[in-house]
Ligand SMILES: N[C@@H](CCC(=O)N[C@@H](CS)C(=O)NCC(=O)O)C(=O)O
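What follows is one chain in C-alpha coordinates, specifically the form predicted alone.
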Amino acid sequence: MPTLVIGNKNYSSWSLRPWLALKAAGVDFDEQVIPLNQPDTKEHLDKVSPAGLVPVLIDGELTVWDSLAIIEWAAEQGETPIWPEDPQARAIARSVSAEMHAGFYPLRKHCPMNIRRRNPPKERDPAVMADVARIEQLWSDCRARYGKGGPFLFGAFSAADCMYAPVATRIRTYSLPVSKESAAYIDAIYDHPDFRQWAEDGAAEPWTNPNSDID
(Lines give C-alpha, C1' and ligand atoms only; values in the text may rest on other atoms or scores of the structure.)
Protein backbone atom coordinates (compact mmCIF):
# COMPACT_ATOMS: atom_id res chain seq x y z
CA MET A 1 0.00 0.00 0.00
CA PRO A 2 1.42 3.44 -0.88
CA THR A 3 2.09 5.97 1.85
CA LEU A 4 1.29 9.66 1.53
CA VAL A 5 3.56 11.79 3.71
CA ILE A 6 1.79 15.00 4.60
CA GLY A 7 2.09 18.02 6.84
CA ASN A 8 -0.32 18.62 9.68
CA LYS A 9 -3.81 18.90 8.33
CA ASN A 10 -4.83 22.25 9.73
CA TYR A 11 -2.05 24.05 7.88
CA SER A 12 -0.68 22.05 4.94
CA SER A 13 -2.53 23.18 1.82
CA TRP A 14 -0.29 21.29 -0.56
CA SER A 15 -0.87 18.07 1.39
CA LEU A 16 -4.65 18.48 1.25
CA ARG A 17 -4.75 18.48 -2.53
CA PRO A 18 -3.33 15.00 -3.28
CA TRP A 19 -4.96 13.54 -0.15
CA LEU A 20 -8.36 14.48 -1.55
CA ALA A 21 -7.39 13.21 -4.98
CA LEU A 22 -6.30 9.81 -3.70
CA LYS A 23 -9.57 9.52 -1.78
CA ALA A 24 -11.62 10.55 -4.82
CA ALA A 25 -9.77 8.12 -7.08
CA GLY A 26 -10.41 5.23 -4.71
CA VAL A 27 -6.72 4.57 -4.02
CA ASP A 28 -6.06 2.89 -0.67
CA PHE A 29 -3.11 4.48 1.10
CA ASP A 30 -1.49 4.97 4.46
CA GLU A 31 -0.64 8.44 5.68
CA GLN A 32 2.30 9.73 7.67
CA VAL A 33 2.04 13.18 9.25
CA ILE A 34 5.15 15.32 9.71
CA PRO A 35 4.17 18.42 11.73
CA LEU A 36 5.42 21.61 10.09
CA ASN A 37 7.50 24.35 11.73
CA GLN A 38 8.73 22.11 14.54
CA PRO A 39 12.36 21.79 15.68
CA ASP A 40 12.66 18.32 14.11
CA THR A 41 10.61 18.95 10.95
CA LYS A 42 13.60 19.24 8.60
CA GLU A 43 15.20 16.11 10.01
CA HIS A 44 12.06 14.06 9.30
CA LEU A 45 11.49 15.61 5.87
CA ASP A 46 15.04 14.94 4.72
CA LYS A 47 14.51 11.24 5.35
CA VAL A 48 11.57 10.92 2.97
CA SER A 49 11.49 13.88 0.58
CA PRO A 50 14.04 14.63 -2.17
CA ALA A 51 12.86 18.26 -2.12
CA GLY A 52 12.63 18.50 1.65
CA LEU A 53 8.92 19.30 1.38
CA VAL A 54 5.54 17.66 1.77
CA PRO A 55 3.57 16.01 0.32
CA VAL A 56 5.46 12.91 -0.79
CA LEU A 57 3.98 9.69 -2.12
CA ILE A 58 6.03 6.56 -1.49
CA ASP A 59 5.03 3.38 -3.31
CA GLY A 60 7.72 0.74 -2.95
CA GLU A 61 10.78 2.08 -4.74
CA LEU A 62 8.81 4.94 -6.28
CA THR A 63 8.86 8.39 -4.66
CA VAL A 64 6.70 11.21 -6.06
CA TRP A 65 7.24 14.59 -4.38
CA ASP A 66 4.93 17.12 -6.03
CA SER A 67 1.23 17.65 -5.36
CA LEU A 68 0.10 17.81 -8.96
CA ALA A 69 2.31 14.86 -9.92
CA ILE A 70 0.72 12.82 -7.11
CA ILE A 71 -2.72 13.81 -8.37
CA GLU A 72 -1.79 12.58 -11.85
CA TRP A 73 -0.48 9.35 -10.32
CA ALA A 74 -3.80 8.93 -8.53
CA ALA A 75 -5.67 9.52 -11.78
CA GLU A 76 -3.66 6.75 -13.47
CA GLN A 77 -3.83 4.28 -10.59
CA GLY A 78 -7.31 4.85 -9.23
CA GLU A 79 -10.52 3.06 -10.08
CA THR A 80 -12.60 6.26 -10.20
CA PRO A 81 -11.79 8.97 -12.79
CA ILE A 82 -10.86 12.28 -11.24
CA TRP A 83 -10.46 14.33 -14.41
CA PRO A 84 -13.55 15.19 -16.52
CA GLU A 85 -14.42 12.65 -19.19
CA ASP A 86 -15.02 15.22 -21.92
CA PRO A 87 -11.68 16.09 -23.59
CA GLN A 88 -12.35 19.83 -23.72
CA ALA A 89 -13.49 19.96 -20.11
CA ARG A 90 -10.47 17.88 -19.12
CA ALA A 91 -8.12 20.31 -20.85
CA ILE A 92 -9.70 23.25 -19.04
CA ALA A 93 -9.59 21.38 -15.72
CA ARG A 94 -5.88 20.78 -16.18
CA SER A 95 -5.36 24.43 -17.16
CA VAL A 96 -7.06 25.84 -14.08
CA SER A 97 -5.25 23.30 -11.90
CA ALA A 98 -1.89 24.27 -13.36
CA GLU A 99 -2.67 27.96 -12.80
CA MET A 100 -3.36 27.20 -9.14
CA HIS A 101 -0.19 25.13 -8.90
CA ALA A 102 1.99 27.93 -10.25
CA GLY A 103 0.25 31.12 -9.21
CA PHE A 104 -1.69 33.19 -6.70
CA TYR A 105 1.38 33.91 -4.59
CA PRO A 106 -0.06 36.98 -2.78
CA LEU A 107 -3.06 34.99 -1.57
CA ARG A 108 -0.87 32.11 -0.42
CA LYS A 109 1.62 34.44 1.28
CA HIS A 110 -0.80 36.72 3.11
CA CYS A 111 -3.56 34.19 3.82
CA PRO A 112 -1.93 30.88 4.78
CA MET A 113 -4.24 27.92 5.25
CA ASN A 114 -5.61 27.60 8.77
CA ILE A 115 -8.88 25.67 8.65
CA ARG A 116 -9.86 26.01 12.29
CA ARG A 117 -9.36 29.80 12.44
CA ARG A 118 -12.01 32.42 11.56
CA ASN A 119 -10.85 36.02 11.17
CA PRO A 120 -13.21 38.99 10.91
CA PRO A 121 -13.38 40.90 7.64
CA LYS A 122 -10.82 43.61 7.06
CA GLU A 123 -9.22 45.46 4.17
CA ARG A 124 -6.76 43.21 2.35
CA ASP A 125 -3.72 43.80 0.18
CA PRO A 126 -4.90 44.70 -3.36
CA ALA A 127 -2.78 41.86 -4.77
CA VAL A 128 -4.67 39.39 -2.58
CA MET A 129 -8.00 40.66 -3.81
CA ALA A 130 -6.76 40.57 -7.40
CA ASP A 131 -5.99 36.89 -6.88
CA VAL A 132 -9.46 36.33 -5.46
CA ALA A 133 -11.03 38.10 -8.44
CA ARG A 134 -9.12 35.90 -10.88
CA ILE A 135 -10.07 32.77 -8.95
CA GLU A 136 -13.72 33.76 -8.94
CA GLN A 137 -13.50 34.33 -12.69
CA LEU A 138 -12.09 30.82 -13.15
CA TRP A 139 -14.71 29.26 -10.91
CA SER A 140 -17.56 31.09 -12.60
CA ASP A 141 -16.38 30.14 -16.08
CA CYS A 142 -15.93 26.46 -15.19
CA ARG A 143 -19.30 26.29 -13.44
CA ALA A 144 -21.11 28.01 -16.32
CA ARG A 145 -19.54 25.85 -19.02
CA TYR A 146 -19.16 22.50 -17.35
CA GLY A 147 -20.72 22.52 -13.89
CA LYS A 148 -24.38 21.86 -14.55
CA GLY A 149 -24.18 18.24 -13.45
CA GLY A 150 -23.31 18.97 -9.83
CA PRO A 151 -22.07 21.58 -7.32
CA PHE A 152 -18.39 21.45 -8.26
CA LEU A 153 -16.31 23.15 -10.95
CA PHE A 154 -16.98 20.44 -13.52
CA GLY A 155 -20.17 19.08 -12.03
CA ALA A 156 -18.81 16.03 -10.25
CA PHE A 157 -15.96 16.36 -7.77
CA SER A 158 -12.67 16.35 -9.69
CA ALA A 159 -8.94 16.93 -9.44
CA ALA A 160 -9.59 20.62 -10.12
CA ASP A 161 -11.64 20.83 -6.95
CA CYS A 162 -8.80 19.16 -5.07
CA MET A 163 -6.51 21.91 -6.26
CA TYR A 164 -8.87 24.71 -5.18
CA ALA A 165 -10.06 23.25 -1.88
CA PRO A 166 -7.33 25.10 0.09
CA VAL A 167 -8.42 28.33 -1.59
CA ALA A 168 -11.93 27.72 -0.31
CA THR A 169 -10.53 27.47 3.21
CA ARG A 170 -8.55 30.68 2.83
CA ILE A 171 -11.58 32.63 1.68
CA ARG A 172 -13.58 31.38 4.65
CA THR A 173 -10.78 31.73 7.21
CA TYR A 174 -10.00 35.33 6.29
CA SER A 175 -13.60 36.37 5.52
CA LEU A 176 -12.67 37.44 1.99
CA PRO A 177 -15.65 38.87 0.11
CA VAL A 178 -16.91 36.71 -2.77
CA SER A 179 -20.09 36.35 -4.81
CA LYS A 180 -23.03 34.17 -3.78
CA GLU A 181 -22.04 31.71 -6.49
CA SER A 182 -18.50 31.41 -5.14
CA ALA A 183 -19.82 31.07 -1.59
CA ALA A 184 -22.06 28.22 -2.73
CA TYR A 185 -19.07 26.46 -4.28
CA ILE A 186 -17.10 26.89 -1.04
CA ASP A 187 -20.04 25.39 0.85
CA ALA A 188 -19.93 22.39 -1.50
CA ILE A 189 -16.23 21.87 -0.75
CA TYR A 190 -16.87 22.06 3.00
CA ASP A 191 -19.77 19.62 2.68
CA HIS A 192 -17.74 17.01 0.80
CA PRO A 193 -17.27 14.02 3.15
CA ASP A 194 -13.55 13.64 2.50
CA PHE A 195 -12.91 17.32 3.15
CA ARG A 196 -14.98 17.12 6.33
CA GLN A 197 -12.81 14.24 7.53
CA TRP A 198 -9.64 16.22 6.82
CA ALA A 199 -11.00 19.29 8.62
CA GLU A 200 -12.06 17.22 11.63
CA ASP A 201 -8.62 15.65 11.83
CA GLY A 202 -7.02 19.10 11.58
CA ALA A 203 -9.21 20.47 14.35
CA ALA A 204 -8.04 17.67 16.65
CA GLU A 205 -4.32 18.25 16.05
CA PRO A 206 -2.27 19.56 18.98
CA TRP A 207 0.25 21.55 16.93
CA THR A 208 0.23 25.28 16.32
CA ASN A 209 2.07 27.30 13.72
CA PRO A 210 2.63 31.00 14.49
CA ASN A 211 3.40 31.64 10.82
CA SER A 212 -0.21 30.70 9.98
CA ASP A 213 -2.00 32.00 13.08
CA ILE A 214 -2.35 35.49 11.67
CA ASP A 215 -5.18 37.94 11.06
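Note that the structure is a prediction, hence the values are computed from the model and not measured. Residue indices: 1-based, along the sequence shown.
This next part talks about the form predicted in complex with this ligand, which is not shown.
Heavy atoms within 4.5 Å of this ligand in the predicted complex are found in one stretch of 52-60, 185-193, 24-32, 142-150, which is 52-60.
Although the partner is absent here, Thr41 sits close enough that one of its heavy atoms falls within 4.5 Å of this ligand in the predicted complex.
Shown alone here, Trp198 lies farther than 4.5 Å from this ligand in the predicted complex, counting heavy atoms only.
Put simply, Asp66 is close to this ligand in the predicted complex: some heavy atom of it is within 4.5 Å. The closest heavy atom approach of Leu36 to this ligand in the predicted complex falls within 4.5 Å. Between the options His101, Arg117, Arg90, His110, the residue in contact with this ligand in the predicted complex by a heavy atom within 4.5 angstroms is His101. Contacts between stretch 8-29 and this ligand, counted in the predicted complex as any heavy atom lying within 4.5 Å, involve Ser12, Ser13, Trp14, listed in sequence order.
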